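Just one chain is shown here, as C-alpha cells, and it is the form predicted on its own.
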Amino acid sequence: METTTLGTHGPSVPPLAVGAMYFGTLVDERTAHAVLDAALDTGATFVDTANNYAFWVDGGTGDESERTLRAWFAARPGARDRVTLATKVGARPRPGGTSVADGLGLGAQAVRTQLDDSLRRLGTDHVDLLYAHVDDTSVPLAETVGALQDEVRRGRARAIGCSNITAPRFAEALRAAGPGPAYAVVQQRFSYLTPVPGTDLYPHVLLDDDLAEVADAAGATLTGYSSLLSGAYTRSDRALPDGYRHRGTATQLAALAEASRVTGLDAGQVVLAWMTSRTRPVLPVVGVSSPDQLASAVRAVGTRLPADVVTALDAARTVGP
C-alpha cells in the first residue's frame, strides 16, 4: 500500500489504522491475532489502541486491548518493529470511576504514569504515536503538551497527537508547543453521513471544517474514527445512530448507492475510499473483527475514486438537516 507521513516529521503509515478497541473483549484474543497477522501480511501496519479499551464492555477493565497486542508481539518475533503503534492516555477512569468523565486526565504526572502502565501492558519501551485521548480542560494545555513533548525527548514516543478536541483548543495546543514537537495527528469522529448540528456525541468530538483548516495550516494529519457507523452503511440489522437521520440523509445515502454502483464497492467501502480520496484526506481508523473485514477495508482505501464520484459525494453531503 501507499504510505503517508504523520504530520511533517512523523512515521510513515498506510492510509488506514487498524482499530484495536475491542481486541481482548468483544474480539477474542485468537481472532484479534488472526486480524493482526493479516494486517502484517497486507501492509496494514498502523495499529490504534488506547489505555481504556474497552472498560465499558461487561467485565472489561481497559487493559484488554493493550495486553492482547503484547501477547501478539510476543508470539510474532519482529512484528513490533514492523508496526506503527499508537495508544492514548487521559480517558481511562480513575480507580472506582465508571466513565470517561472520571478520567485520569492529562496533567503532567498523569501522562507519565499512564504511559508507564501502557508500555508495561504493551510489552514495549516506546510507542510510535501518543495521543491525548479526550481534551482535559481542567489542565493548562501548555502542561499537557509539555508532558507529551517530554515523552518524545525521553524516547518513549516518536510523535504526539490529540483526539476529541475543538478547533480553538487545537490551535492553542499548537501554539503551546513552541519550537518543540507539536501535535502531528488529530483524531476526531468522522464519517460520510452528516449528523444534525448540536447532536450530543460526548465524549466524541466531530471533525469540522474549522479544525481541518487549523490542521492543514500546521501540516497535521487527520484521522477519523466511527467512520462506518458501527456497520449501519451495509447491515440491515444496524440502525443509523441517533442524530444521523434528517432530511438530507436520503440524498446522501442515494449518492453512496450511486457511487457503489459505479465503483463496485459496497457502501462502507465507498465511505473509506471517499475519506482517502478527498482533497483533504482523512485516514480512517477501522475497527475490524475478522481478516475478511480487514481485507475489505484495505481494498477500499487502496481504491482511488474518480474525481467526478468524489464531487458528487461532496455535493450530496452539503444537503443537511
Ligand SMILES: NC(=O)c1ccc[n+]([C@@H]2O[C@H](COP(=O)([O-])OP(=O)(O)OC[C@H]3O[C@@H](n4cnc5c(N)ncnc54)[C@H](OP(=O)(O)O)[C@@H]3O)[C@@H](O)[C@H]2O)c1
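Here the structure is a predicted model, which is why all the values come from computation and not from measurement. Numbering starts at 1 and runs along the sequence shown.
Another form, the form predicted in complex with the ligand, is not on view; read the next lines as being about it.
Asker: Against the ligand in the predicted complex, would S230 count as a contact residue? Criterion: heavy atoms within 4.5 Å.
Answerer: Judged by the heavy-atom cut-off of 4.5 Å, S230 is in contact with the ligand in the predicted complex.
Asker: Does any part of T234 reach within 4.5 Å of the ligand in the predicted complex? Heavy atoms only, please.
Answerer: Close contact exists here: in the predicted complex, T234 approaches the ligand to within 4.5 Å, heavy atoms only.
Asker: Do F46 and the ligand come within 4.5 Å of each other in the predicted complex, heavy atoms counted?
Answerer: Output for F46 is no: heavy atoms all beyond 4.5 Å of the ligand.
Asker: How about G287: is it within 4.5 Å of the ligand in the predicted complex, going by heavy atoms?
Answerer: Looking in the predicted complex, residue contacts with the ligand include G287, since a heavy atom lies within 4.5 Å.
Asker: With the ligand left out here, work out from 162-170, 122-130, 135-143, 212-220 which stretch has heavy atoms within 4.5 Å of it in the predicted complex.
Answerer: Of the options, only 162-170 has residues within 4.5 Å of the partner.
Asker: Just one of H204, R80, R245, R156 has a heavy atom within 4.5 Å of the ligand in the predicted complex. Which one?
Answerer: Flagged contact: H204.
Asker: Since exactly one of G24, G10, P15, G19 fits, which has a heavy atom within 4.5 Å of the ligand in the predicted complex?
Answerer: Checking each option against the ligand in the predicted complex, the one that comes within 4.5 Å is G19.
Asker: Though the partner is not shown here, which residues of 73-88 have a heavy atom within 4.5 Å of the ligand in the predicted complex?
Answerer: Counting only heavy atoms within 4.5 Å of the ligand in the predicted complex, the single contacting residue of 73-88 is K88.
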